[in-house]
Ligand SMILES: Cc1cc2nc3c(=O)[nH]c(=O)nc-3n(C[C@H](O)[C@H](O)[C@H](O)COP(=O)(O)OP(=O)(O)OC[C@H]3O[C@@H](n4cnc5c(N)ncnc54)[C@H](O)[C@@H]3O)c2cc1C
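Listed next as structure tokens is one chain, alone, in the form predicted alone.
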Amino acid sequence: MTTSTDPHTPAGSPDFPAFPDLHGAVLRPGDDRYDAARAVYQGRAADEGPALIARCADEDDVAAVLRHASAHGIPVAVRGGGHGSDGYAMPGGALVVDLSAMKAVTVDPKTRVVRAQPGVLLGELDAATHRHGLAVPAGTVSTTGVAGLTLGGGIGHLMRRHGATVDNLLACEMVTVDGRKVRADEAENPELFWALRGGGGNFGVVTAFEYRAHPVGPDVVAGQLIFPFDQAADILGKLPAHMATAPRELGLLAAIAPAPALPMLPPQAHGKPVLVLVPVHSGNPAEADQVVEALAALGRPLANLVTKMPWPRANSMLDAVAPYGKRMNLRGGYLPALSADVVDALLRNAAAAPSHPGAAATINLWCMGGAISEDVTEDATAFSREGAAWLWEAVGMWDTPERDTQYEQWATAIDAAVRPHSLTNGYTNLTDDLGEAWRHGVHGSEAKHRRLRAVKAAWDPDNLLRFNKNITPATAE
């Protein structure tokens, strides 16, 4: 079989059977539960639905669907948490392996090993580990699926202290495209394990993840420092030097976003751009006040909403700005430095962002450094982080198709302004797919790209798993 030239297009006229032996449900357009099952984070995915959703109850279901797909040359989409901005979890006309019902989580408090199935959401993982005073370094929105988060790399509030999610991944259990069940870790299928740590869902369908958890909390110090927009350039200019000496226990997000309608903010500021620093201090609470006070002293905040709170609450603070089901786009990349030119480009585009009721345009800057940057070598995993001091992302969210063009123009403009200052490597989860040239460089060096293509050729030579940030098999021309 030859690989499709368009990695995101279903091939031919697929033969979708009823899968009568599946333990889970099989849903087609018109079925009662079909519309609910196909709802994902990216609202634009609802414009066109998949041909069949196989709601797998266990790994045997996954294997059965993949065996049929492999035998008939049918491309397969995979839905875990359905949180990807591209909407690849529910492509129009596709066969979808839906893992959202596979939600088991086990925590061994003695070994600190956590095992999670691919339907588990971040909030569910945090709740399970928090009972034992533990956390897995992961994402920042509780509705994120742990599967896509992990396979893409995984960044969040704990990355400066404990690294990326893939730096804490111990093993995966995977069903191959021809329906075999395999394990991947440092000793068994190590090359596959390397590729799964950042290469996305390109190689098989992972049905279990094993993580190393760390003591966190039960409380951390976290919240928001809100500054007027006219202070943003000065504060962002000071942040790199400030964070260079900050403790690893401090995670920091700097966001340029519409001001919330909070009583402590002047009414005329509501809905207008402000700078929000979001610190999360996961170390000794007695040391946190001094760390937060130093951040606040970088400017004159309109509001200081930082306080002590349970870790799961801190790690769901961003839920309010990431509502499920909005139409959206996402651009992002790594910055080697937060230069004055970058700051100027970000602020100019923030000021020019569209503004409508129920919509939002936000620019985020995540501070790297510490464990994620210093404790793991670039070639240790497929996930790339070499040279990255900051990660930027621009998020547009809106409600109606009539606004699509306006928000796409904004995303294109900010990408054009910031991309020249960005690295060619990046974090695949925090940007839409930017095309073949971008996919070629996003994992880092040419050698890493060739290595990923070789692993793809070994495990999915016909590129059936193509609804993703696709890696073309080395054997394909």
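Please read all numbers here as calculations on a predicted model, not as lab measurements. Numbers follow the displayed sequence, beginning with 1.
Below, we refer to the form predicted in complex with the named molecule, which is not included among the displayed structures.
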- request: Verify the flagged residues Gly163, Pro279 and Met368 against the named molecule in the predicted bound form: is each one within 4.5 Å by a non-hydrogen atom?
  value: no
Proximity to the named molecule in the predicted bound form, single hit among Trp194, Tyr407, Tyr88, Phe227 (heavy atom within 4.5 Å): Tyr88
- prompt: With the named molecule left out of view, which of Ile256, Val342, Val78, Val216 would have a heavy atom within 4.5 Å of it in the predicted bound form?
  reply: Val78
- prompt: Do Ile74 and the named molecule share at least one heavy atom pair within 4.5 Å in the predicted bound form?
  reply: no
- prompt: Heavy atom to heavy atom, is Pro301 within 4.5 Å of the named molecule in the predicted bound form?
  reply: no
query: Closest heavy atom of Leu430 to the named molecule in the predicted bound form, within 4.5 Å or not?
result: yes
message: in the predicted bound form, is there a heavy atom of the named molecule that lies within 4.5 Å of any heavy atom of Thr140, even though the partner is absent here?
response: yes
- line: With a 4.5 Å heavy atom cut-off to the named molecule in the predicted bound form, the contacting stretch among 108-116, 305-313, 271-279, 149-157 is 149-157
Sequence-ordered residues of 18-50 touching the named molecule in the predicted bound form, heavy atom within 4.5 Å: Tyr41
